[in-house]
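The chain below stands alone and is given in structure tokens; this is the form predicted alone.
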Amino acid sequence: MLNRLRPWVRNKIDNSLFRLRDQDPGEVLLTMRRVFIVPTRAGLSFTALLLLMLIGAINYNLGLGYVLTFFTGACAVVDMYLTAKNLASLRLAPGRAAPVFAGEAAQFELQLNNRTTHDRYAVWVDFHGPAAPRHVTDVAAGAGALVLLSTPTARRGWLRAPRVRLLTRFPLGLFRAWSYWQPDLAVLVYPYPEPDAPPLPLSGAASEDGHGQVGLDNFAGIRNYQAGDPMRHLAWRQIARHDPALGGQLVTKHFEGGAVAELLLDYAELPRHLDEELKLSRMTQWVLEAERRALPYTFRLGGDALGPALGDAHRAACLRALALHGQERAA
């Protein structure tokens, strides 16, 4: 029961006492006012030991006991300052966040810059949560460090980076210093592609085999293999006649004809009884399939009409429209 109550109490304290701004735009400097520090279990035990040493020195009137007690206490005070200083004056900046599909882990790049003359050791970084941070890094003086944090995704649209917690116990582990940072960073989550989506709505467009519903499929000859050619088009008889030792190479069959119309991916043409998210997932799968088969396609979704085109830019624009359909276009 205590183990379940402890994370809840910790979250309540964090949200009430250490509430920061909703978002920190651009680069952020960790000042001392943003660094919190408390003793660890080892620190509490060390404090109890100091009290016992002080009581013993008073009871037996030991001069050396006083010296040892106050010297050890001074070392603890120095450790408290160094622990807080290990985080203070660090500069935090958001990095990149590549789009992902729903269900995949979104990865956020975070930069830790140290423009001081002191090295920073054992800085733990992770998204805020009940568990302890999982990523540790050192930041050399006058240098920077890149940390890659990941979080699961469940739905399409913009996913804002969770609040980040930085923690350190360096150098002696008697104190734990930590700070929070809300990076100005978001990742675009595309709809999850439908696993068993129907075939592409081909109406006169060429298929992967070079066959079309309009016109004839004409065998045009043999040519050298090119990256992306279907395996079923490999001319195995000609390949078997070529000796690799004599410079033989892969060859593939070439077809002409059949491509007399453009591929149209229209959201309005999908069956009306389908769920909206299922429709978006199917359109996502069709976009990926058209790109894989190198079929130029026109994309229509609501007021968005893109193409006909093909390539990374066209693919990204279509997937972005699917991810933000019915949502705000800004993060």
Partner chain sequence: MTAQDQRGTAPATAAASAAAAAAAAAASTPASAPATLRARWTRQLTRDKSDTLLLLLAALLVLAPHFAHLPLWISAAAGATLLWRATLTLRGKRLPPLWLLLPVSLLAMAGVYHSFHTLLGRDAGVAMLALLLAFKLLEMHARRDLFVVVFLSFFLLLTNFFYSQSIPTGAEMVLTIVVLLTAQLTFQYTGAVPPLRRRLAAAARIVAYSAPLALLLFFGFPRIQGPLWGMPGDAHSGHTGMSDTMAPGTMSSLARSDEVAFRVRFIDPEPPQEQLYWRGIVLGDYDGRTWHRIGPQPRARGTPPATVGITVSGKPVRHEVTVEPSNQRWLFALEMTDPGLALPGYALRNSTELELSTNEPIAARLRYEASAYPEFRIQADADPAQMQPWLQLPAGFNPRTLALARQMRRPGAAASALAVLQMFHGGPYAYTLDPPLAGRDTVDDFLFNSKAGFCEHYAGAFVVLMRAMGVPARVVTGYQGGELNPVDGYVTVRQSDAHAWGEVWIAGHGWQRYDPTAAVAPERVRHNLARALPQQSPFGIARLGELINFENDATSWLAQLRFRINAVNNGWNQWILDYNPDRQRSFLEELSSAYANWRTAAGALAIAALLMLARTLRARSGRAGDPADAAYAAFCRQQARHGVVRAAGEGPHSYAVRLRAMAASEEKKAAMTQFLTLYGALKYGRAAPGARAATLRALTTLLRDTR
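Since the model is a prediction, treat every value here as computed from it, not as a measurement. Numbering follows the first chain given and starts at 1.
Keep in mind that the form predicted in complex with the partner chain is not shown, yet the notes after this line are about it.
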Practice task
Check whether L174 has any heavy atom within 4.5 Å of a heavy atom of the partner chain in the predicted bound form, and answer yes or no.
Solution key: yes
Handout entry: Partner proximity in the predicted bound form: E194 to the partner chain, non-hydrogen atom cutoff 4.5 Å
Key = no
Problem - Touches the partner chain in the predicted bound form: M53 (any heavy atom, 4.5 Å) - result: yes
Practice task
Flag A84 as yes or no: does it have a non-hydrogen atom within 4.5 angstroms of any non-hydrogen atom of the partner chain in the predicted bound form?
Solution key: no
Completion exercise
Heavy atom within 4.5 Å of the partner chain in the predicted bound form, from candidates A143, V100, L202, I239, belongs to A143
Problem - Proximity to the partner chain in the predicted bound form, single hit among L274, V38, A305, I58 (heavy atom within 4.5 Å) - result: I58
Completion exercise
Taking the partner chain in the predicted bound form and a 4.5 Å non-hydrogen atom cutoff, the residues of 68-83 making contact are L68, T69, F70, F71, T72, A74, C75, V77, V78, L82
